[in-house]
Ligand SMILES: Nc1ncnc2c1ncn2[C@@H]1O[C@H](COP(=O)(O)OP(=O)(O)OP(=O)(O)O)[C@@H](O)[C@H]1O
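Presented as structure tokens, the chain that follows is alone, the form predicted on its own.
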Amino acid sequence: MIVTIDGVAASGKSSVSSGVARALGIPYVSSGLLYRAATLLGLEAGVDLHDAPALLALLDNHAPRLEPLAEGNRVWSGTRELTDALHSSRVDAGVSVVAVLPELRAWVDAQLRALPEPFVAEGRDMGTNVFPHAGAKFYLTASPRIRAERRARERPEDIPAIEAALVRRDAKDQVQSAPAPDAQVIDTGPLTLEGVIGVILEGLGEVGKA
């Protein structure tokens, strides 16, 4: 069983996916962390983030490894844990550059497809490109202002600045962020985290009856 949860930046994908995975008793997989790991390693090495061959060579040497857990994913490069460093403003700014590179998308997709089922897969194109055969697909969205307010609770940054950055990110990610035709679209704006998780679990129950 594979459940895909896609959506725009800061729509709550990770928290929702973790909650759904815990309810189902299976891991969840955060594809975005692999793109963020590639971005972080590239920034640290001084590699041009537009240079796909250089980034791939760097990844071959440092081999980021995703550890999928229901309570939250962890990312390692050798014995070094990268997880806490992946959610900085500089990684936010660079990850869209990395995520549009076809070579990097193919690299991430290969890492994800090698993982054993079952799991909840979270990202932007899980249901459309990586796991089009998934039995249940969901897509999360919310207004830029609501997403900025949520992100501001996690980081000491100005809400209007975060909102402007999210709008730019949405424009860059437009192709990767399109929902699958058979995905259930959920506006998370008026819902609590528990409410979104509940809608998905209810949707999974309907899928099971079909």
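Owing to the predicted nature of the structure, the values given are computational and were not obtained by experimental measurement. Just count from 1 along the sequence shown to find any residue number.
Unshown form predicted together with the named molecule; subsequent notes refer to it.
Any non-hydrogen atom of residue 60 within 4.5 angstroms of the named molecule in the predicted bound form: Close contact is absent here: in the predicted bound form, residue 60 is far from the named molecule, nothing within 4.5 Å, heavy atoms only.
I'd like to know if residue 200 sits close to the named molecule in the predicted bound form, meaning any non-hydrogen atom pair within 4.5 angstroms. No.
Determine whether any heavy atom of residue 137 comes within 4.5 Å of a heavy atom of the named molecule in the predicted bound form, and answer yes or no. Residue 137: no contact with the named molecule in the predicted bound form.
Please run the contact check for residue 191 against the named molecule in the predicted bound form: heavy atoms, 4.5 angstroms, yes or no? Contact check for residue 191: yes, within 4.5 Å of the named molecule in the predicted bound form.
Within 4.5 Å of the named molecule in the predicted bound form, counting heavy atoms only, one of 42-50, 143-151, 64-72, 157-165 shows up; tell me which. Checking each option against the 4.5 Å cut-off leaves 143-151.
Judged by heavy atom distances of 4.5 Å or less, which residues of 32-65 approach the named molecule in the predicted bound form? Stretch hits: a single one, 36.
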